[in-house]
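Form predicted on its own, single chain, as structure tokens, below.
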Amino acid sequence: MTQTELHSSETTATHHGSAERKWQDYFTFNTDHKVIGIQYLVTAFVFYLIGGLMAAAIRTELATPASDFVSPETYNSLLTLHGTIMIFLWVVPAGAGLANFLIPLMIGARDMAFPKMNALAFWMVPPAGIMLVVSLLVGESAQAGWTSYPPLSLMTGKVGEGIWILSILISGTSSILGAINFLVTILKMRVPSMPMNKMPLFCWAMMATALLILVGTPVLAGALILLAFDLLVGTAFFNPMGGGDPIVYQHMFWFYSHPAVYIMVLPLFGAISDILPVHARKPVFGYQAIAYSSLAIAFLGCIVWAHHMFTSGTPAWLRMFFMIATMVIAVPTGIKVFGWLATIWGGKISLNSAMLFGMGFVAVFVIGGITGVMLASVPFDIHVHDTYFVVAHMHYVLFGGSVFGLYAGIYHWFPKMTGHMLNETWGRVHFVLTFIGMNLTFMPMHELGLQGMNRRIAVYDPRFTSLNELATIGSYILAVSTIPFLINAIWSWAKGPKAADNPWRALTLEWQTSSPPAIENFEVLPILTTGPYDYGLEHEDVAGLPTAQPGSAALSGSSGS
């Protein structure tokens, strides 16, 4: 078949049956993975805005040393719900949203393996979030921090703590259902011509993420159920007053919650690995190393949890093991960073919004990674434990990693999701405000922690005032940074210029469908002919446009299975 005939076949196949969804579809129990993906992303972003407002309130309180904006009890509630919402209702569901939309398209499938279970997993997220937000409005919210350590969590209000536990159990169940779906879909529903070593790196990252969820989340569920018995029935699993051991709760909690860092970040590692080669017009450097490093991170992430407990009476020999293991996990992460840098080095870089956020992701995540290695050292960790140094590290990893990665993913795949292009000028404004706001908010916290300012307090020594004022100004810039993004996204979705099927000239399979994709993605299943990152002149015509084989695929008349 000639390239002209192949291109004709491809165009017919990808455009046949293409139909944009009605807006009503996004408010129903829809089983289309693309609808569910957008439902996840929009819902998660709503909770991001709510959690962000809580963060702004927290920073406003911390602008001065005295407790003069909200009461100490309200401050504790805001602090608890902010952390809980940002982790369980923003980053984790947003990663699931990207995965839901992309995985079937990337592997040539028509939907997820279990569409109804997929829809059920999404519809568990809104009630979990609504419960948390309503608990704050009615004055019955949890106040023990997002970790909910006993005995403190057993001494605060039973109603608020009970709502918190139930909300996490529901959102955790949603994650488990989603993980089963992702794993089965990736392993069993790839087109026959796609071996695992030709999968997009996003799929490798999601496979590792799903394994972490399936290993860690049931342990968290067990800890929360036992905590609920202590709280509501009067048992003493973790209550020292009855002979229980609160340290056991910490072990169970962190056995999930440290891998949860990678559950949040790994999907964005995969997204960045797919975004950078496209906008640098270069093959990804070290495909296999980046792919296998995701699995290495998943394994090592399960054996480093107790570095959060160096000050909890952990024996010295156990401290040594977890210190070494925590430092070792920097190796596969470093492999990814060097792979990304080598990918963009010498490339024909297009500094659009997706690429800016992608490179910003690498920059700020590396800062978080460096401070993570510092915290892995037992003597240093003991010195700065429960100070703002830990807060700074966590936000450079999670905000710098997850939020920058999610924004990069949204700017990159927005044309495919909606059929419209985002405005690049406003995208760049959004990036500049986010980058400045993020660093101004969290960089001073390193110094605050080294000077000894404790975290989770509303009243502090006046000598910390100036750095807290800087952080508060930065938080306001961060809050403002969401405005151009919201305007851009809503306006572009409704009125923006129509997107081509492959505006970035990308080579992975999702770009070989129409924008937005047809309801069942592919009229006929694609056949893989090249790798997903084989960028180069041999695959591009003289006008700089992809030839008929881009996308690493040709579309065949055989449906396959």
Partner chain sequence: MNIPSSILTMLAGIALTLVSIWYGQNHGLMPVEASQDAVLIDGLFNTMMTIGTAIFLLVEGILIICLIRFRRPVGDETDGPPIEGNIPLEIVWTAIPVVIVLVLGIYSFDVYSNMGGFDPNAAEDPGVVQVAMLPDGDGALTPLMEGHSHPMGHHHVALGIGASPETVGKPADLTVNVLGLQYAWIFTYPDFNITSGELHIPVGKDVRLILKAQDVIHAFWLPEFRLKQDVMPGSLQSELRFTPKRVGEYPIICAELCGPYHGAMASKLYVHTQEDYDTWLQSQVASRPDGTQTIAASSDQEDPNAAYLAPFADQLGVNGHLLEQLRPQPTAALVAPAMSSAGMH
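Source: prediction; values computed, not measured. Residue numbers count along the first chain shown, from 1.
Omitted here: the form predicted in complex with its partner chain. The next part is about that form.
Its partner chain is not drawn, but in the model of the complex it has no heavy atom within 4.5 Å of Glu424.
Proximity of Gln451 to its partner chain in the model of the complex falls within the 4.5 Å heavy atom cutoff. Using a 4.5 angstroms limit between non-hydrogen atoms, Tyr476 is distant from its partner chain in the model of the complex. Of the heavy atoms in Tyr535, some are within 4.5 Å of its partner chain in the model of the complex. Interface residue among Ala228, Met394, Met323, Leu136, judged by heavy atoms within 4.5 Å of its partner chain in the model of the complex: Met323.
This chain lacks the partner; the member of Val480, Ile490, Ile382, Val159 within 4.5 angstroms of its partner chain in the model of the complex by a non-hydrogen atom is Ile382.
With the partner omitted here, the stretch from 416-424, 96-104, 259-267, 339-347 that lies within 4.5 Å of its partner chain by heavy atoms in the model of the complex is 339-347. Judged against its partner chain in the model of the complex with a 4.5 angstroms heavy atom cut-off, the residues Ala119, Phe122 and Leu295 are out of contact without exception. Although its partner chain is not shown here, in the model of the complex the stretch 134-162 places heavy atoms of Gln143, Ala144, Gly145, Tyr149, Pro150, Pro151, Leu152, Met155 within 4.5 Å of it, in sequence order.
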